[in-house]
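Given next, in structure tokens, is a single chain: the form predicted on its own.
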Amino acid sequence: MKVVGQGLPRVEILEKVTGQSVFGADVRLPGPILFGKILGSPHAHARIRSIDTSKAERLPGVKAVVTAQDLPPVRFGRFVRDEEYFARTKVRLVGDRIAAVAALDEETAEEALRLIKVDYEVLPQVTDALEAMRQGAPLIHEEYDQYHAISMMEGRKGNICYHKETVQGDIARGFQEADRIFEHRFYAPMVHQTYIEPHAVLARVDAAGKVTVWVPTQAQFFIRQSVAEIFQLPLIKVRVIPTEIGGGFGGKMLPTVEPAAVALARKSGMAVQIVMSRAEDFQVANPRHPCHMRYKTGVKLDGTIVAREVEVALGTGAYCGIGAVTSQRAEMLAAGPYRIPNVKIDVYCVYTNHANCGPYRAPAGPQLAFASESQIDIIARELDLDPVEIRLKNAIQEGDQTPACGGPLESVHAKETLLKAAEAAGWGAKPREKNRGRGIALGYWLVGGYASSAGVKLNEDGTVTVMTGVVDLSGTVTSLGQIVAEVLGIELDDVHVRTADSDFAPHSTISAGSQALRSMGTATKMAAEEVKKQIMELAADKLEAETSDLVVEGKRIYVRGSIEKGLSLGQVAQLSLMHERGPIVSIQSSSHFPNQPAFSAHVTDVEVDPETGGVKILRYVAAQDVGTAINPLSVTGQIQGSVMQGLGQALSEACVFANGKMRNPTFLDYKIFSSLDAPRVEVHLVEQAAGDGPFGAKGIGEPSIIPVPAAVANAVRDAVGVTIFDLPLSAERVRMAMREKITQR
């Protein structure tokens, strides 16, 4: 291949580095734009006795004040309709939306919020999933049994909005056959996506009542659907225009500020812009689920795993959101990438009085891998086995079926990925030094794919335009261009990929789940292949040749073996305008894809300061099963970025709450890994083309974050001889564990 497989710079890079790209807060329109602000509840759990907005409405400069009374009385939610956009009778988290205001300037809008008087009856709160599951815990949704829910929402009871038990084999017999049984509890706290751009939106409603929303989103069609549902509008009355997006990582898919801006624009008759503050974003904007995990594993003395029982409790927050999807992912991933004949998995998704949790790069993946892979290392140590060997012995293979994965797995390269990482890191070759350790972890992600469509058209000069609705977060547009260029035998510079808005783009998948390129790339490749077919048919007529004898490359189509006998693509395009078939264009669709595993194996070396407990990353090696790397430069960047995020979750990140209010809602107090902390990340690709996906590509954005906390935890254990069961591995926690020598709970 000439274009696919090349490490090419992103096509839009100059616009971004020169500041020309328009992000959410950059959108401007002719005429004045009002400043919007949202009033959030100061209480984590309370009944609303009354709301008085009269003083705010009389404040000079205020153009609109909206509450629940200004919206249709509907509940929304993707899986459970348990949420009203503005609270009517009850709030369930600090920051739950009460009202919104629009004013001529930001200061007036903030003053108007202070003038809104709300009378609350404060209720007992519960912010931990295990506490919320207990008998007698404060009920967050008293009317939960009246909510409409789709059929997959099993086991709803009390504060439990979803519970499913998954069984494979005979778990009791498996534990009876085991020579040793290990049982441990682990905890991973809530962490935030920490995108640099906070949530922002600009909304306008025209005289005909059509809503237009400019928003940095990963899912423009889902935002359109949500706005239409909340305001009871047909989809053709809602237009979503995606802007550039300053990071998302899953956090910019669910409706946040968009409905408030729309409500204010409808009432004021003017355009309204809302930009969240960093503290607001931290408090309410869809962080990663906190997770309690219990792992019980039975093994033979040679390290063969014969049984595994897992209990997972996810704190989903005040509303279900996508908690059901995260729970399903937990079911798929809980047992780990291992061949285990007897498995029992219980997953609970639990309402809690904190931020409504949402998708974050590999939902449930890093939490479960931290528990699973930490325990694998404990077992290896207790049985005097090498950590790499025990993983190789149990790793899943081609045709295996893991719990809830939906069928025998294909394109399974767990062992190859593990060996690649171990070899690159020189596993076992480095002598042990005091306070230094090495850890390894294996993770996997099941990459599916959603229905998508894309259009490709041949322009009159032989260049090509691609029409898509997918939002580019990670170089997807560049990769789509490479796919089209490869199919049509042209250069990437001859392809323009246009992300259109929801009114004009063919329906496109979300930019999440590591499936955007798999889904959209397949639709785009199909469209390019149809365009190529049309080119060849028209050229065959003109050149008096069989299509099977034609070659398309170098912006030309010619007869094989007679390069001078041919046409330029520009000539073909112009001929098509006069031909009975008309212009050369194709719109193609791809359907859902079955789950396909993508593996990631990481090795890290750390040094632990014995006085402070501080952990320093000395070296990091990441190997990943990528199928075919459409753009190796982009793939490498994705993996390195994933590792940086994973290191933050491993060592420093946690959303800390007191009475439901986040205590560290700024980058001063919420510590993410920066360039000053970043180690060099060595990336090694395992390339074996997958059976489906464009040119055999697999998803790459999420598998690479999954093993990080576990690899670091195992390295810390190797360095200091202490197993730590709770994330993050902060200096304080490591120092305390070293002092107390806690090795089991």
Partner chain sequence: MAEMKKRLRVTINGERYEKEVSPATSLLDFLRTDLNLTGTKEGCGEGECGACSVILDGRLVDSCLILAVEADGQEIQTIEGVGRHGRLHPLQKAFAEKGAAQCGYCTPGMIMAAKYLLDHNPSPTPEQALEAIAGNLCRCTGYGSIVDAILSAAKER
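Remember, it's a predicted structure, so these values are computed and weren't measured experimentally. Numbering follows the first chain given and starts at 1.
FYI, the form predicted together with its partner chain isn't displayed, but the following is about it.
Asks: Please pick out the stretch from 645-653, 294-302, 539-547, 315-323 that is in contact with its partner chain in the model of the complex, where contact means heavy atoms within 4.5 Å.
Replies: It is 645-653 that comes within 4.5 Å of the partner.
Asks: Taking the shortest heavy atom distance, is residue 673 within 4.5 Å of its partner chain in the model of the complex?
Replies: Result yes; residue 673 sits at the interface with its partner chain in the model of the complex.
Asks: Can you tell me if residue 735 lies within 4.5 angstroms of its partner chain in the model of the complex, counting non-hydrogen atoms only?
Replies: Looking in the model of the complex, residue contacts with its partner chain do not include residue 735, since no heavy atom lies within 4.5 Å.
Asks: With heavy atoms only and a cut-off of 4.5 Å, decide whether residue 667 touches its partner chain in the model of the complex.
Replies: Flag for residue 667 set to yes.
Asks: Although the partner isn't part of this model, could you tell me whether residue 247 comes within 4.5 Å of its partner chain in the model of the complex, counting any heavy atom of the residue?
Replies: Yes, contact at 4.5 Å.
Asks: Its partner chain in the model of the complex: within 4.5 Å of a heavy atom of each of 169, 344 and 411?
Replies: The answer is no; none of 169, 344 and 411 reaches its partner chain.
Asks: Tell me, which of 465, 571, 176, 640 has a heavy atom within 4.5 angstroms of its partner chain in the model of the complex?
Replies: It is 640 that has a heavy atom within 4.5 Å of the partner.
Asks: Heavy atom within 4.5 Å of its partner chain in the model of the complex: which residues of 1-28 meet that condition, in order?
Replies: Sequence-ordered list: 9, 10, 12, 13, 14, 16, 17, 18, 19, 21, 23, 25, 26, 28.
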